[in-house]
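One chain follows as structure tokens, the form predicted alone.
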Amino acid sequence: MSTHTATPLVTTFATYRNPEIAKYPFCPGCGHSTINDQLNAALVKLQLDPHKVVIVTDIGCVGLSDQYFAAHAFHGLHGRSVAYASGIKLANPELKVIVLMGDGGCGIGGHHLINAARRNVGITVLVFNNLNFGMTGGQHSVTTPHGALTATTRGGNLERPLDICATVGVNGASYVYRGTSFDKDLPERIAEAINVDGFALMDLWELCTAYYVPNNDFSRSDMLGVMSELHMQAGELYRAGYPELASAYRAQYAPTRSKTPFTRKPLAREFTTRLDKPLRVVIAGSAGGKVKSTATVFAQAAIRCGLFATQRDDYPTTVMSGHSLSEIIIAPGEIFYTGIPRPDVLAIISPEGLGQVKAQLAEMGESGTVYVLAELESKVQTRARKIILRPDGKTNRKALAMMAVAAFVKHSRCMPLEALTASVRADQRADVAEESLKAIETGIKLVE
């Protein structure tokens, strides 16, 4: 018997280019080809697993690049590449996510750039900055220099150019670099950026030989001159050591990953009901009047009776002012449409609520029932039957919704009152439940 020591299989990647597509489609002299070649050289230098590399491209000429690499790729809407890349990185922090975008995408999706830098999401952004929108005919972009001629600035650009590096640097990027497509050390700098544990951006100036160069009689030396005139320095400009967001997020929630996110048990059937068709109920009250919580208790009571239930709430964005409306449907079968244009039961307990249900009141016919406070009865014009509720002057206004629901349940016998009280005891805080049970007693007496 002989033994052999297994030799680990080591794979060396000589290129990350897609062997099926050899030639770039870019214009002669365009810097896109050079930067893509330098990116390939950087990847070869890093020897990353291609299965763990994702190249995300933006719209524009640069958007044609991803197909030339043998790695994962994602191509989406203009200006959104950084948002896509951030999502990919957050979903799987082990991936190396590289964004290829133009200066046009930086303008359209500038807020994505700022927030990815601020959050320090661990992606690498290479900006192919040719100072105009090359794919669509050479319109000016956010980086077009002042005075430059483009298809949309025939008298000279009046705007100031955006300093992309300063923008992301001041907002917390881990690594920021400015260079050009002509830089000999670009593979090393790109590799450096990819290795940064945080948000890295390289603003790489280049020539758009189709539009910007002929429009402005522009050359490599002119490009460097403009960079100098704008006081936009080249080289590494920012480096910071903030925690990378995707890894920090994973670490923060690691202790909870094995725990069940939802501990609440499904409501068990405890009661029976003779309800044999859907019942559509609307409670119309005021914000702060416990309309929504009362509707929830009613819906949960229905579920405890073996019924299906839906709840839709409507209230203004302000707090403790304006209306509060809840629509509840309970039914013996599954509910596919949750809207209630014509309620079977409508409880009106405040002027604000009444103001929101005029259309539903108009739709109600003689088969419907409206429960309304005595003080509002004269304002309710409807063909539905009206049940007037007359609580005494000591009744808490926050108890009116539960009181009205209790009166309706008692009156209609759509479910046992015990189901309502059981839901109150099971689902409400003790002090709130005590008030709710008193309101239920009051509501029952109003219709006895």
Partner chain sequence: MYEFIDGAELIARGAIDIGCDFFAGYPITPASPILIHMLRELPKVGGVGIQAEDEIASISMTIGAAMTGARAMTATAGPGISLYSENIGLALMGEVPLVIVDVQRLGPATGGATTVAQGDVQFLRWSTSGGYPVIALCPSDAAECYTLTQHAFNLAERFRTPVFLATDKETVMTQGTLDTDAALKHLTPERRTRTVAAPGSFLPYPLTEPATAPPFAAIGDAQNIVRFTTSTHDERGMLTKKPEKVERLNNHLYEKIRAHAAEIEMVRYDPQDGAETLVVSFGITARSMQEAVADARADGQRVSQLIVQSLWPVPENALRRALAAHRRIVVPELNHGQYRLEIERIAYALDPRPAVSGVNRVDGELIAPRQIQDAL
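Numbering follows the first chain given and starts at 1. Think of the rigid core as the biggest set of C-alphas that the two forms share within 1.5 Å after superposition. Everything numeric here is computed off the predicted structure, so don't read it as measured data.
Not pictured, yet referred to below: the form predicted in complex with the partner chain.
Peer 1: Looking at 73-81, 139-147, 124-132, 203-211, which lies within 4.5 angstroms of the partner chain in the model of the complex, counting heavy atoms?
Peer 2: This holds for exactly one stretch, 73-81.
Peer 1: Verify the contact flag for Ser367: yes if a non-hydrogen atom of it lies within 4.5 Å of a non-hydrogen atom of the partner chain in the model of the complex, no if not.
Peer 2: It does not: once the partner chain is placed as it appears in the model of the complex, Ser367 has no heavy atom within 4.5 Å of it.
Peer 1: Is Arg239 near the partner chain? Define near as a heavy atom within 4.5 Å, in the model of the complex.
Peer 2: No, Arg239 stays farther than 4.5 Å from the partner chain in the model of the complex.
Peer 1: Give a yes/no on whether Met320 approaches the partner chain to within 4.5 Å in the model of the complex, heavy atoms considered.
Peer 2: Heavy-atom contact with the partner chain at 4.5 Å: absent for Met320.
Peer 1: Is Tyr249 close to the partner chain in the model of the complex, meaning a heavy atom pair under 4.5 Å apart or at it?
Peer 2: Taking the distances in the model of the complex, the answer for Tyr249 is yes, it comes within 4.5 Å of the partner chain.
Peer 1: Though the partner chain is not shown, can you say which of Gly355, Gly156, Gly235, Gly87 has a heavy atom within 4.5 Å of it in the model of the complex?
Peer 2: Comparing distances to the partner chain in the model of the complex, the residue within 4.5 Å is Gly87.
Peer 1: So which of Thr180, Asn215, Thr167, Thr296 reaches within 4.5 angstroms of the partner chain in the model of the complex, heavy atom to heavy atom?
Peer 2: When the partner chain is considered in the model of the complex, the option within 4.5 Å is Thr296.
Peer 1: If you apply a 4.5 angstroms heavy atom cut-off, which residues in 237-261 are near the partner chain in the model of the complex?
Peer 2: Contacting residues: Leu245, Tyr249, Arg250, Tyr253, Thr256, Arg257, Ser258, Lys259, Thr260, Pro261.
Peer 1: On a rigid core superposition, would Ser293 pass a 2 Å threshold for CA movement between the shown form and the other one?
Peer 2: Superposed on the core, Ser293 moves its C-alpha 2 Å or more between the shown form and the other one.
Peer 1: State yes or no: after fitting on the rigid core, is the Cα displacement of Ala302 between the shown form and the other one at least 2 Å?
Peer 2: Yes, because once the rigid core is superposed, the C-alpha of Ala302 moves 2 Å or more between the shown form and the other one.
Peer 1: Is it true that Asn36 shifts between the shown form and the other one by 2 Å or more at the Cα, once the core is aligned?
Peer 2: No: Asn36 shifts by under 2 Å between the shown form and the other one.
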